[in-house]
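The form predicted alone is given below as one chain in structure tokens.
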Amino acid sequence: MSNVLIVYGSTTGNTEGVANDIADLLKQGGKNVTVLNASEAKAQGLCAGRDCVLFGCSTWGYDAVELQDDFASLFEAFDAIGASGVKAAVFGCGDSGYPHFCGAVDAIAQKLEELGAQLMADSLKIDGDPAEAGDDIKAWAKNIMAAV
């Protein structure tokens, strides 16, 4: 059974809801899934012992990309997560009305690649209310299941 960790940062609850939706879908597919709020995550060795790590973060900021506050603290210590060779993927919620739509997702994916992680799926970027993105979330989770 594959061991999957989902780490998310959420202020309004949207990204948390998506993390839990993804976890439920992966569990239904037979994966062992742990969901962790970024505020409770410790960077040191975060990816150790995982077959796959999924990172979810909302994006803030008009003039520049700002990661969700809890995730931003974790991101500052990302060099210590042990991502080299680990399968990973990124998801997040945003608003396409802002110039940096889901910019946090792109920043996390780029950093994971720099750290040697194996990105196994295109990032999932949800515009607006995630309740309206159920089909996209299911399709993305299906891709993750196939890659783990």
Ligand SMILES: Cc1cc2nc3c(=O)[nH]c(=O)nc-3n(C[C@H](O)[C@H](O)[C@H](O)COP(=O)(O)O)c2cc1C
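Not measured: the values here are computed from a predicted model. Each residue number is its position in the shown sequence, starting from 1.
Just so you know, the form predicted in complex with the ligand exists too; it's not on screen, but the next bit is about it.
4.5 angstroms heavy atom contact with the ligand in the predicted complex for residue 108: Output for residue 108 is no: heavy atoms all beyond 4.5 Å of the ligand.
Touches the ligand in the predicted complex: residue 54 (any heavy atom, 4.5 Å): No, no contact at 4.5 Å.
Residue contact check: residue 94 to the ligand in the predicted complex, 4.5 Å heavy atom: Flag for residue 94 set to yes.
Touches the ligand in the predicted complex: residue 11 (any heavy atom, 4.5 Å): Answer yes; at least one heavy atom of residue 11 falls within 4.5 Å of the ligand in the predicted complex.
Interface stretch in the predicted complex with the ligand - options 81 to 89, 99 to 107, 38 to 46, 23 to 31, non-hydrogen atom within 4.5 Å: In short, 99 to 107.
Those residues of 44 to 58 which, in the predicted complex, come within 4.5 Å of the ligand by heavy atom: If the 4.5 Å heavy-atom criterion is applied to the ligand in the predicted complex, 44 to 58 yields only 58.
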